[in-house]
Structure formats: C-alpha cells, structure tokens
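One chain comes next, on its own, written out as structure tokens in the form predicted on its own.
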Amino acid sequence: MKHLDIREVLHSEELRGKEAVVCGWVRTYRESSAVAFAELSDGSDFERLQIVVDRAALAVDPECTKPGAAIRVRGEVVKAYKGEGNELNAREIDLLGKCPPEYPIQKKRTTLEFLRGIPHLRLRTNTFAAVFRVRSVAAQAIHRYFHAHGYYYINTPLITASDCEGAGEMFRVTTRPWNAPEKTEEEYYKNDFFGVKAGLSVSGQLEGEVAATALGKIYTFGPSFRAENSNTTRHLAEFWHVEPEIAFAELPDVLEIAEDMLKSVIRSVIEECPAELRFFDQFVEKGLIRKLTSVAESDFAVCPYTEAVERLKRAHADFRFPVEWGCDLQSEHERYLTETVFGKPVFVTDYPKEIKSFYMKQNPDGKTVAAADLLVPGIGEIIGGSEREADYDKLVAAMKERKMDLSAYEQYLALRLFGSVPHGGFGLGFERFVMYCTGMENIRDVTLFPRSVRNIM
C-alpha cells in the first residue's frame, strides 16, 4: 500500500502543509475531551510520530487506540507543537491489525530477560529497535569499507568436511536417522549424504585463503556455527563472522587493516545512528558515545603476549583464574589489560603456539606464533587474527602434532605447494562488535533469534 516512512514524515520540512499517509504500530494513546494523541512507530526512525485527532471531527475505532495495533493514518503534516520535527493531523484512521489486551509490550518497563522470552515481539521496544538499526548500519559500513579498499566479497560454504579451528566443536550435518542400522562409524558416514563426516562451518577462513591466493584481497561476511558448551553472555552457537584474507601480507599489515576497518565502521555508526547512541548512552551504558569517539580517534596499543602475562602477574588485582605463561587469557585478564593497563583497545600478539590454531605462522623462536587478538574495554576479545603459515612442511608438522586428519585438508595444504606467499587475515565477531557499539551486555540481545546452549527458541 502507498505510504511514507515515518522517518520521512518526521523530518521533512517540504511535507508541511501537505497530505501524507503513514502506517505503523500504536505505541501510546491518550485523549482529552477535545483532542486525542497517538504515538506511531514503523521502525524506520528512533522517534515516534505523533498523530493528533480532533475528536469532534473524526471518530476513531477503539481497536485503533490499543497498544500494538497496526493502523494506517491519512492526514496533514504540520510542524510539531513541541520540538523540531513534524506531527500529523489525522483525517482518516484505518485498522490494519487488531492487538489484544494481553499484548506483552505495554507502557510499563519490562526487563531484557523477559523480552528474551518473546523474541518475535521484542524488536517493537525502543531498545531492540535501536540495536537492530545500529546492527544494520554497521553491516553496511563493513561492506562499504572492504569494497572501497578493493576487496572482493566471497561466499564460503556453510557445510564442510574440515574443522577450521581443529578443535572438534562442530555441529554434525547428517541425513541418517538416530537409530541408523550401521554398526561402525565408518559405515555410518559412508551411507550418509556426502559419504564422509560433515559439519557446519566454524569459519570461512580456509576457503577464504583459497580465494585470496587468486584474487589478492577478499572478505567473507556470514554465519558461523560452534558447538561450544559455553552458556555465557559472550557466546552463541550461531553467530556472524567478518573474515578478510589478504595475500602478500604479514602480521603488522593485518593489524593495520583491522584497526582501520574497526575505526571506519565505528565512525559510520556515530554518524548515522545519533539518536540510537544517545538512547544507549542515557539508558544502557553511560559514556558510550565518549568511548566510541575515543576509539575512533586513538591509536590502538600493541603488546606481546609475554609482556601482557608479566603485567598481569604484577597486577594488584584478585583474578579468579591464575596467570602463567602458556595460559589462555580469560575475560577478566583481557578487560584488565584494556581498561586498567592501557585504557584503550590493545592488540596482544605472539601467543604460545600450543593455545592457538594450527594454521598460524610459527615465529623463529619456535614457541610462539604470529597471531593477535584485539581486546577492547568492556568486552575483551573482539578480533582474532594471524599471519598464516605459508611453509608446507611447518604446516604439516603443526597438524600432525594435533593428530589432525591431513586427508581432510589436502586442497588447503596444496596452496603451500603452488606459488605460496605470505598472507594473513582476521575474524571479527559481528555480534560482539554490535555489543560494543550499543553497550548491551548480553550477546543474546544483539541477534534476532539467539542460538545457544539449550536454546533454539
């Protein structure tokens, strides 16, 4: 049906004095003896459009006044009585969809936990509508950044026979029933759809390297799946992943690109979502705008893992997890480094090879790899990257140490035999980035239908 977005009606001076038709959901309705006021939202803008009804001139169906009801309004656009925007003097109001009294999003304040139980409706609140507008802007900014810098957008498979991380935390893909008659694992997979064991991809990196060693610079942006039994505020079983891969690049190049991309996308969010960020700054995380502005304008710190461990060991802090060289840094350690030691984002580099993935380039010391995690205040790790191992023999040795099945990686290994070059890349957990931009503390609140342990609602 022909209508204008509420965003356009709210902010266009050219529409004043003209007739317009809008559609949306009733957020509030109040009336006096002569005049009634409805606030209407269609999701296109953070602000709501006020509908003014002359009760003597227009009779309104009571169903059109209930919170959550969908209506269409035709009327004259006029300057708002208060503020800088516009409002609409109604001439005709039609009901598009009824909403019963038990509509769960009423005027009273509801908790985020309660709203997680109604994911099909929670986007109608200010908080979640703002989150997903920010998410959309950030996604578009990521695509713009890579396109402007000469990267090609590649779509990698979601079903794979190889585990990118080598950790075995994959969801199995099968067409065989739970009570399949096969007596052995080998027989089971032989009779399955692909004839081999298959799972959902944890990363598009391995296939991305294939594309980068032909096209030079590529990126992927799509879902990844990890069957990790981590029921925390930072983990999802299904999440979105931004993964560039760059040929002829070493670790310092990777860090430079990651920092530049992150700053660029943050600047886009600040510029394009001012109302949303003001809301989050007021109600979700005090100082959010100042934090984002600081990140966009500051130089990120770089700290080798060994130095980071020494700093943590000297810290006057009561860590739950002890710190020793060789340990995997926990969230409390990451936040201490970013919030207390450096006061800004920091790349921690050159991790022990035992705690990092098989594909990372081995440093000359024989103990560490050319890897880096970008840690940010309030979240911890948000980006993980590395220079990739370009030496065939070293890569095979690393895989054998982990007792990996080399036959599942034949094509990946072959890249090191035909014109191998230094190359690297990184992965940005998109939901964690949205958390950082909005101040939301639970990753389940920045994705439409969160998939996590015991939850597929």
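Residue positions are given as counts along the sequence shown, with the first one as 1. Note that the structure is a prediction, hence the values are computed from the model and not measured.
One more form of this protein should be noted, the form predicted in complex with a small molecule, which is absent from this view; the next part is about it.
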property	result
Partner contact for Gly384 in the predicted complex: the small molecule, 4.5 angstroms, heavy atom	yes
Contact flag, Met440 vs the small molecule in the predicted complex, heavy atom cut 4.5 Å	no
Distance check, Pro67 to the small molecule in the predicted complex, heavy atom within 4.5 Å	no
Residue contact check: Arg416 to the small molecule in the predicted complex, 4.5 Å heavy atom	no
The small molecule in the predicted complex: contacting segment from 171-179, 152-160, 225-233, 298-306, heavy atom within 4.5 Å	225-233
Option touching the small molecule, based on a heavy atom within 4.5 Å in the predicted complex, out of Phe358, Phe279, Phe239, Tyr336	Phe239
In the predicted complex, the residue from Ser268, Ser203, Asn86, Thr213 that sits within 4.5 Å of the small molecule by heavy atoms	Ser203
